[in-house]
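One chain comes next, on its own, written out as C-alpha cells in the form predicted alone.
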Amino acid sequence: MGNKDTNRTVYNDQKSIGVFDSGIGGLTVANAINKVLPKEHLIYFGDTAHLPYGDKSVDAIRYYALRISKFLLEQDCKMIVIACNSASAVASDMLLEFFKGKVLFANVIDPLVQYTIEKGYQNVGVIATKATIGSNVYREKLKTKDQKLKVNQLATPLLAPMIEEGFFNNNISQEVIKKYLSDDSMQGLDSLLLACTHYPLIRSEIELYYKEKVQILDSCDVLAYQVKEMLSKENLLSAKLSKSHKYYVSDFTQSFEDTAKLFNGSEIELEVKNIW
C-alpha cells in the first residue's frame, strides 16, 4: 500500500502524483483524486500501446508497470497510483520492493477490499479482467478479512476494450453488460465490486440492470481518500497547484482522446511518449 523511508530528500510535497493505467480507465481515478486533492499536480500515463492489460501475461504486465513507474519517478513523482486492477493484482508487491524508499505507492485493490469489509456486505460479486480474476486477489483478500464472506467472481474481458472504443450508454454496451450479469454467479448479490477502473464509466448501466437492488462499488473515491491520508501522514500534501496536469499515452488513439474529452468534460492535451 505505502512505503516509508527516513531519507526525506526523496519525498517533497511539491512533487507530483503519478497515475497509470492501460488506457482511459485510470482517468476515473485521476479525476477522483483531483476532486479530493485539488492542489496536487497529477501526471497521468495511459499505456494505450499495450491495452488491455487483462489479456496479457503476468510477466508482461509486470514489465509494463515497472517501466511506467520508472518513467513517473523520472518525472519527479512523490507517489505513484496503480490505477489498474490487473497491474495492482500482479505487480503491486514487486513495485513496492523494487522502489522501496524512493516513492510512495497506492493501488486500487486494497482500499476497495477494506471498504467492502467495513460496510458488512456478505454476498459479494466481483467483475474484472481475466488477469485480475485469474490472480484471485479479491477473493483471497476479502476472505482473509472475513472467512464467512461469499465471493463470486466473473471475468468480463469485453468491457474494457468496449469502453476504450467509446461504446457505453448505448444499445451495444447494454447487451454486453446484460450478457455478463445474467450469469448465474452474478445473481443474489448484495454488492458488486467493479474491479476495473474502466467500469465506473458504465456504472449507471450496471445499476440499471440490477434496478438498484445491488450496491455497486468501485475504488475511485475510497482510493482518493486513501491517497490523501497517506500524503497527510508523510506531511506531503501540496500547498498549491503550480502547474497544469500532464497526460501521456504510449500510443495515440483517436478513441482515447474522444472518450477522455467526454469523460473529463473538457479538452485533454495528450502527449505521446514512447518509453519502451
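When you see a residue number, it is the position in the sequence shown, counting from 1. This is a predicted model, so every value here is computed, not measured.
One more form of this protein, predicted together with a small molecule, exists but is not displayed; see below.
Novice: Counting only non-hydrogen atoms and a 4.5 Å threshold, tell me whether Thr116, Asn152 and Leu192 all contact the small molecule in the predicted bound form.
Specialist: No: no residue has a heavy atom within 4.5 Å of the partner.
Novice: Hey, in the predicted bound form, is Tyr53 touching the small molecule, heavy atoms inside 4.5 Å?
Specialist: Although the small molecule is absent here, Tyr53 would touch it in the predicted bound form, with heavy atoms inside 4.5 Å.
Novice: Quick one: does Cys196 come within 4.5 Å of the small molecule in the predicted bound form, counting heavy atoms only?
Specialist: Although the small molecule is absent here, Cys196 would touch it in the predicted bound form, with heavy atoms inside 4.5 Å.
Novice: Please tell me whether any heavy atom belonging to Ala106 falls inside 4.5 Å of a heavy atom of the small molecule, as the geometry stands in the predicted bound form.
Specialist: Residue-level check for Ala106: no, no contact with the small molecule.
Novice: Using a 4.5 Å heavy atom cut-off, state whether Leu72 contacts the small molecule in the predicted bound form.
Specialist: It does not: once the small molecule is placed as it appears in the predicted bound form, Leu72 has no heavy atom within 4.5 Å of it.
Novice: What is the one choice in Ala91, Ala160, Leu112, Val137 with a heavy atom within 4.5 Å of the small molecule in the predicted bound form?
Specialist: Exactly one listed residue reaches within 4.5 Å, namely Ala160.
Novice: Specify the contacting stretch among 82 to 90, 178 to 186, 96 to 104, 202 to 210, defined as having any heavy atom within 4.5 Å of the small molecule in the predicted bound form.
Specialist: Heavy atoms within 4.5 Å of the small molecule in the predicted bound form occur in 82 to 90.
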